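Shown below, as structure tokens, is a lone chain in the form predicted alone; questions about how it binds or moves come after it.
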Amino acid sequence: MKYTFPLAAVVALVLFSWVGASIPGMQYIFGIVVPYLAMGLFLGGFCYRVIGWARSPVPFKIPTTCGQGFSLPWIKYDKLEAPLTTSQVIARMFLEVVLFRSLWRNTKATVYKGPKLTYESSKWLWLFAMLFHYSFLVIILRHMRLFLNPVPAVISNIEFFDGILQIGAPTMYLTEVTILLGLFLLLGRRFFNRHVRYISLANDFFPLYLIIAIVLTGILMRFFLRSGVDIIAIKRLAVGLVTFHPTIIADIGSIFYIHVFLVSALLVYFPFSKLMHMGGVFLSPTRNMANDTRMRRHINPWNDPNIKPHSYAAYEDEFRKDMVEQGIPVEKPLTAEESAAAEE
């Protein structure tokens, strides 16, 4: 079910939008109302999740450290693995967000006959993730030309370099190939790697299926069904959506509404799924905190000033009798009075 149910859900979204967009008068719903609702839910959900994480207290200093921490001045410490200053934390976060540094150092553990445990490099996962994420980013930036008039030079340059090989007519973009390659390899990893397949859930497959459907409908619209797509009407509708004066001046084509509906579904799904790691990585205390517990005391924001500290000695004095009855070791034996009371 975890493989087929997400696929069936994506197929149902495609069929629903295809049938709905074919009904006269429904183009307004699928071309204007649905995108506005999706963007509103995306922005509202994204802000809600981020604000919720930002307001969550961090009771402990828990930065992830994989190297020598700062101790004595003459001992060299790892500034990226155990950052001490704010600038070192920023450098670590930059490499994590831009280059997926922790994924680059990913290793695979395998048990062979013997038994023999080995750790092997797993750079291919980093490569697939880079292909997918950066291709997705370039595609989003390229699509900005539909919403802006005039088109900024930076968007035009991105589009030029993406299609620099000039393959086919219309030109095939490099990211159209690399994003599909990254998606299918990430999806294949969940199918063929038995360890990953075991821990994968339906909500791990659904976004992959959905993004693949978005990319495929975009490719169909650009290369195979372009005769029924009015690009001028699309441009006018996109600019109208941004300026809050949307209009549909012609029959754009059902494939366009299917594409837009799938994108809207992704926007709605995004804030309430694992895809929110895009915003959550910046608020992760394991990454955004400095490893300075030896220099600065971290005050637990959950501490209630009206509650006095409860030491273990005081805890044992209060519950020693119950601890002994349950067979829990205690540092002090029961007194004669406590033993007599326990026997009674």
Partner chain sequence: MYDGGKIIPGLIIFVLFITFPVWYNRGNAGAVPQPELPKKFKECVLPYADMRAEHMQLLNRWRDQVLRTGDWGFDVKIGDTMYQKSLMNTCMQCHTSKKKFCDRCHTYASVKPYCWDCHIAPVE
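Numbering follows the first chain given and starts at 1. Because the structure is a prediction, the values reported are computed rather than measured.
Below, we refer to the form predicted together with the partner chain, which is not included among the displayed structures.
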**Message:** So the partner chain isn't shown here. In the predicted bound form, which residue out of F184, F223, F94, F272 has a non-hydrogen atom within 4.5 Å of it?
**Reply:** F223
**Prompt:** Pick from L216, I249, A109, A202: which residue has any heavy atom within 4.5 angstroms of the partner chain in the predicted bound form?
**Reply:** I249
**Request:** Give a yes or no on whether each residue among A54, M144 and M278 has a heavy atom within 4.5 Å of the partner chain in the predicted bound form.
**Result:** yes
**Prompt:** Based on heavy atom distances of at most 4.5 Å to the partner chain in the predicted bound form, which listed stretch, 27-35, 64-72, 306-314, 41-49, is the contact stretch?
**Reply:** 41-49
**Message:** Considering non-hydrogen atoms and a 4.5 Å limit, does the partner chain approach S156 in the predicted bound form?
**Reply:** yes
**Close approach of A169 to the partner chain in the predicted bound form, 4.5 Å, heavy atom** = yes
**Message:** Residue-level question: is H245 within 4.5 Å of the partner chain in the predicted bound form, judged on heavy atoms?
**Reply:** yes
**Message:** in the predicted bound form, does D78 come within 4.5 Å of the partner chain, counting heavy atoms only?
**Reply:** no
**Item:** Residues within stretch 292-306 having a non-hydrogen atom within 4.5 Å of the partner chain in the predicted bound form
**Value:** P301
